[in-house]
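Read the single chain below, which is given as C-alpha cells and is the form predicted alone.
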C-alpha cells in the first residue's frame, strides 16, 4: 500500500495505485470538513433510522411463520396429488440425474413469492416520466401465469423510477440533438472501443464527465452493472483486501467476488466498525503468512439504494488516509441528485474529488440514459482501458445514448446556455425535503438523510406489503415494494424515488393517498412527535 511523500498513488501491477407536463414528458456554501477530525459538521445529523415498536417485529415473524407453515401444507397437498404443481420439475426418466431444480431452494418462490407476484414486473406502455401507463393484466391461476386484457391503466403517478432530474422525457426540442445523432450514426456501433467502435462522441463524453467531476480523466461503459462487476477484478486480486459496506449493491459484491481478493464486511456507515477492520488489517496482515496486504480497498456507495442513507464520506476519507487504504466510491444514485450543482456527495460534503481514488457512477438515473463511468487519475483510467473486461470485450455505447448523456451534462452545467439544469437540481432538492417532511409528520417510519431522493417507507409485515402495493395501484400511484430476502426479514418496505419532474400537486396527491392507506392498514409506526399540517389535497383545494 505504498504512497509517495506527496500522497500520490504509485503504480501497481493491476492498475489501482497502492412546471408543466406535456404527455408524460418534462416540458448556501458548505462548511469545510475539519482536517483534525475528518468529520463534517453536518455529517449524518439528519439521518433517520427509527426502530419500530416491539410488537411490530413480533407480528412480522409471526406472519412469515404462518406463510411458511401454509407453504409446507400446500407442498404436502401437491405431493399427494390434491393440488396441481406449476413449478418446473425433473422428468421421470431423469430422476436419477443430478437435479437441476432444487425443491427446497424454490420453496420461497413457490409458496411465498407466487402469491404476491402481481406486485412486481408490471409492464408499462408509455414513457417512464412522472406519470406513466401500465398494461392491465389478470391471473386465473393465483399468479402462476398472467394474461393481458388489452386495456391499460393510464396516468399512474410514477414514484418508482430513478428519474431524479426528469431527463426521461419526450420533449422534441430537448431531444433534437439525440435524434440527429441517431440519424447520423445509427443505433449501435457494433464493435468495441478498441477496434472500430470508438467515436468522437465517446471521447467528448469522457472529457465532459472528467470536467464535471473535477478529476483528471474518465472512461465510460455501456452498462452500469458491468462498470462495477467487470472493473473491480481489474483493480484488485489475490493478496488484496476489500473492506465493503454491508449494504453495498449486488454489482459491487459480484465484482469483489470475481476479483479473488479477500472480502471483509463492516457495519453500514459505522466508522468504528470500519476503523477496527482497517487497524486489524494493517497490524495482522494476511492470514497465515502475516505478510502485508498488497492493497486495501474500501468500497462504499454515495447514496444506498435501499436505505436512502448518505455515505459518511469525510470520515471515511480520514480513515483511508490514516491507514493508507484506497477508496472506491459508487455514486450511482448520488451523482446528479445531490450537491448544489449536482456533482454528488463530494460536492455535498465539500471534499476534494482527488481524495477519492476511484469514482464510479451510472448514467441510468439522473441522466436518463444507460451505462456508467470510472473516473480518477489519468494513469488509473489508462490502465483500465487495456485491462478491464468491460472495456476490451463489450460493445461501445450507443451513439444516441452517448448524445443523451452529453445533452444532460451540458444542461446540468449550463453549457447549453440555459438555467434549466440548475432549476431541476433545486426542484429535486425541494421536492425531496417536502416529501420526506410530510411523511414524518404523518407518522410513517422512513429511512435515510434529508438530502436523499431515495425514500424507503417501512411496512414490516408481509401481508401489509402486498396490501399496500395493491391499494396504491388502485389509486393510480405506482410504487416499488421490497421484502425479504432483498431486505432484512423484519424491514420490508416501499421505496419511493422523488423526481424534479414531480409537481407539487402530484406529491400532494400521493401524500393524500398515503395518509389514507397508512390509516387503513395501520402503517404509522413512528413514535416521534412531529407538528402536523392539514391534508395536502385540502390545502390545494382551499
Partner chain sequence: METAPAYHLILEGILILWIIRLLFSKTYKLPETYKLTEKEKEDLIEEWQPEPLVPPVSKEHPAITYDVVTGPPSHKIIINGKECVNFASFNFLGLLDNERVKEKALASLKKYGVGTCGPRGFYGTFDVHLELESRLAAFMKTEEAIIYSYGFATIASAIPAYSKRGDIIFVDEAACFSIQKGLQASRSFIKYFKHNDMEDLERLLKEQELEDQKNPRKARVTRKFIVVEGLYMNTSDVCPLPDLVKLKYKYKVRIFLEESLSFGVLGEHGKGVTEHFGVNMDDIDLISANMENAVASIGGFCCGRSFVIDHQRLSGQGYCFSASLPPMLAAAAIEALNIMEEDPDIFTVLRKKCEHVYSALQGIPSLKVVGVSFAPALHLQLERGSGSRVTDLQRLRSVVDYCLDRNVALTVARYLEKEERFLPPPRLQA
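Quantities reported herein were computed from a predicted structural model and do not represent experimental measurements. Residue numbers count along the first chain shown, from 1.
Separately, the form predicted in complex with its partner chain exists; it is not shown, and the next lines address it.
- Shown without its partner, this chain lists 318, 277, 208, 182 as candidates; in the predicted bound form, only 182 has a non-hydrogen atom within 4.5 angstroms of its partner chain.
- Only one of the listed residues (451, 347, 169, 416) places a non-hydrogen atom within 4.5 angstroms of its partner chain in the predicted bound form, and that residue is 169.
- Across the proposed site, 262, 272 and 339 without exception lack any heavy atom within 4.5 Å of its partner chain in the predicted bound form.
- Exactly one of the stretches 460-468, 443-451, 339-347, 216-224 approaches its partner chain in the predicted bound form with heavy atoms within 4.5 Å, and it is 216-224.
- Its partner chain is not drawn, but in the predicted bound form it has no heavy atom within 4.5 Å of residue 355.
- Shown alone here, residue 421 lies farther than 4.5 Å from its partner chain in the predicted bound form, counting heavy atoms only.
- For the chain shown alone, residue 187 is a contact residue for its partner chain in the predicted bound form, at least one non-hydrogen atom being within 4.5 angstroms.
- Although the partner is absent here, residue 148 lies within 4.5 Å of its partner chain in the predicted bound form, judged by heavy atoms.
- Counting a residue when any of its non-hydrogen atoms is within 4.5 Å of its partner chain in the predicted bound form, the hits in 183-207 run 183, 184, 185, 186, 187, 188, 189, 190, 191, 193, 194, 195, 196, 198, 199, 200, 203.
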